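The form predicted on its own is given below as one chain in structure tokens.
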């Protein structure tokens, strides 16, 4: 999960597509309280929060991503030797003696888990969150795939970007969808083409993602089953606008019951 070339290109492609940033919501959510980010990756969101004075730890399953996080932190002059604590492990196995006031699972990370994994994560987080603590997560509904705006089973150019050395980074994607089970399988082909004397040398990587999506009523039910209740719903990262029933992005802030 997010290894090799996929890890290297993750932030480049994400920043290229990130028209509305999730960072302002996270700034308001964490409130400089003792926090944990689950799925912190290369620090794309965690490091700006750390720079702005938020005491925040991280959990990330991919060792390649945490190596990038350490590299990015060093480039920013942020040492990770003592604080924050960055744990390279599966959130389903994560244990801690700390009690956090804020726990965030941004950037659709929760959807890499199946329903059972989602429920187990909510229960696990409940154990190390303070009684007045809050949970934050963002998920998406794949409307383009559901509505057939993208052709199932066909490769398409998903992301493309130029690197500083003139190389071209490309991600091709093919998907299959199960509307009944609300699962989306994505196969990715990553490549970087290096122009050398009119020819090209390619670096390539393939990966597969199985994503689970949820409607808002399902989210409310899962939260209730695991000791949480919705405090706030934000759609499409726009807290100042009314919630929209056909929203693409659902951001939930929940408190303990």
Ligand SMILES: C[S@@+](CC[C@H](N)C(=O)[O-])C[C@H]1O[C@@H](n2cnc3c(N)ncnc32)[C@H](O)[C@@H]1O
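Positions refer to the first chain, counted from 1. Only a predicted model underlies this, so the values are computations on that prediction, with no experimental measurement involved.
The same protein also exists as the form predicted in complex with this ligand; that form is not shown, yet it is the one meant from here on.
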(message) Please tell me whether any heavy atom belonging to residue 62 falls inside 4.5 Å of a heavy atom of this ligand, as the geometry stands in the model of the complex.
(response) yes
- prompt: Using heavy atoms and a 4.5 Å limit, would one call residue 47 a contact residue for this ligand in the model of the complex?
  reply: no
This ligand contact in the model of the complex: residue 56, any heavy atom under 4.5 Å: no
*Any of the heavy atoms of residue 167 lying within 4.5 Å of this ligand in the model of the complex?*
no
Notebook entry, point to check: For this chain shown on its own, do 10, 41 and 107 all sit within 4.5 Å of this ligand in the model of the complex, going by heavy atoms?
Noted result: yes
Among 112, 78, 122, 141, just one has a heavy atom within 4.5 Å of this ligand in the model of the complex, namely 112
Only hit among 161, 89, 150, 99 for heavy atom within 4.5 Å of this ligand in the model of the complex is 89
Here the chain appears without its partner; judged in the model of the complex, the stretch of 184 to 192, 28 to 36, 225 to 233, 62 to 70 with heavy atoms within 4.5 Å of this ligand is 62 to 70
